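There is one chain below, alone, in structure tokens, taken in the form predicted on its own.
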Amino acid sequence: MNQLFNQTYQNKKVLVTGHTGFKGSWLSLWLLLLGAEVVGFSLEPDTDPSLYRELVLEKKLTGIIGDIRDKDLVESVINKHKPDFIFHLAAQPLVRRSYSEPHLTFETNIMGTVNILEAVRKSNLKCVIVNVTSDKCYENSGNACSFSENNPMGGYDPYSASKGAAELVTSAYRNSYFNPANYGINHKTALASARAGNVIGGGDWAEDRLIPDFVRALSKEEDIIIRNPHATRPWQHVMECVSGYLHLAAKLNENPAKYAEGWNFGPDKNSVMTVEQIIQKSLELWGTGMSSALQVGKAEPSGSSLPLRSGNYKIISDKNMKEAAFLSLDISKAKEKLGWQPVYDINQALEKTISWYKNYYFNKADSFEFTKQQIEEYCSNYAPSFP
């Protein structure tokens, strides 16, 4: 594993904002395994259980609890630790919550990004920054087409709009202060953004996400509620986008002028499934029998030795919340110019995800070791182009 990414992260100081979150925990653990000195900046974990605590990461990295909206605190952390790399993940990440708390969403996702970039600008730090946004940053007219990096930013709901705005902020700072053409002349910062979404994987317990809601319902023997069964999404395992972030930052470190721009990280086209198909496949992997929508009663077991849980799902739409029926990313640029490509298809991604939760709920095995093994297994199949 230490040979991955040209050993870019060995003995390097890396700041991860949002390190207590689901994706931030996976990224932090992977960086630790790559030999990095990780500094985390985030709010306390907002779920119980949380992957951050299950991995006992507070004992393995330097964790700073703070709010990304606190400009002075962000500046003091960057000035004190002087990171070689910054992965900015701290955000309000939920669409439904953005409808109920738009001010929090806009302030966190937009001004949080400004606070990071402004602190680096004022410090004149030699640094690589990857700002992680979302596939929902693009203006989505509902057409069944894949978004490429040159599509316009947009966003119907507050969350999507905030991520589109964060991309515009990133572009403005890159053009005005961190221009690749002037790298090494009047600044030493390489800045790129990474767009990914609909990430699945073990250890996510956030509200209003499909797989966490699925797992919670089964663990409580409750019906699974889905809002938009026919919506299609580019589902990908969390290690896919994290490998993209790590790969991108390593390439930025190698050639700041060439790679300082926006990048899509997503699955191949054969990994697009509807929400209902994801639930059906997950039920099959979980080990309960299949049940159709709106069926009453419990599903019959399918030979699994696991305790029986409810395998029913209900479709309850929310007409007050607009969600795109189709969303897909064009990842050809990352494949051709970065040499990055996904490892797992949707079936493998679901298998790894469901096996993590089954291990957690039924085997009670050590979450750190199980997660570490999944990363090591992924790395053994990961062969990015790094000339």
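In this text the structure is predicted, and so the values were computed from the model without any measurement. Residues carry their position along the shown sequence, with the first being 1.
The same protein has a further form, the form predicted together with a small molecule, not shown here; the description that follows concerns it.
Here the chain stands alone, but in the predicted bound form its contact with the small molecule, taken as any heavy atom within 4.5 Å, falls in 67 to 75 among 211 to 219, 67 to 75, 165 to 173, 268 to 276. Put simply, residue 336 is far from the small molecule in the predicted bound form: not one heavy atom of it is within 4.5 Å. At the 4.5 Å threshold, heavy atoms of residue 22 reach the small molecule in the predicted bound form. In the predicted bound form, no heavy atom of residue 129 sits within 4.5 Å of the small molecule. Among residues of the shown chain, residue 199 is one whose heavy atoms approach the small molecule to within 4.5 Å in the predicted bound form. In summary, among the residues 116, 192, 91, 226, the only one with a non-hydrogen atom within 4.5 Å of the small molecule in the predicted bound form is 91. This chain is displayed alone, yet in the predicted bound form one of 98, 108, 264, 282 has a heavy atom within 4.5 Å of the small molecule; that residue is 108.
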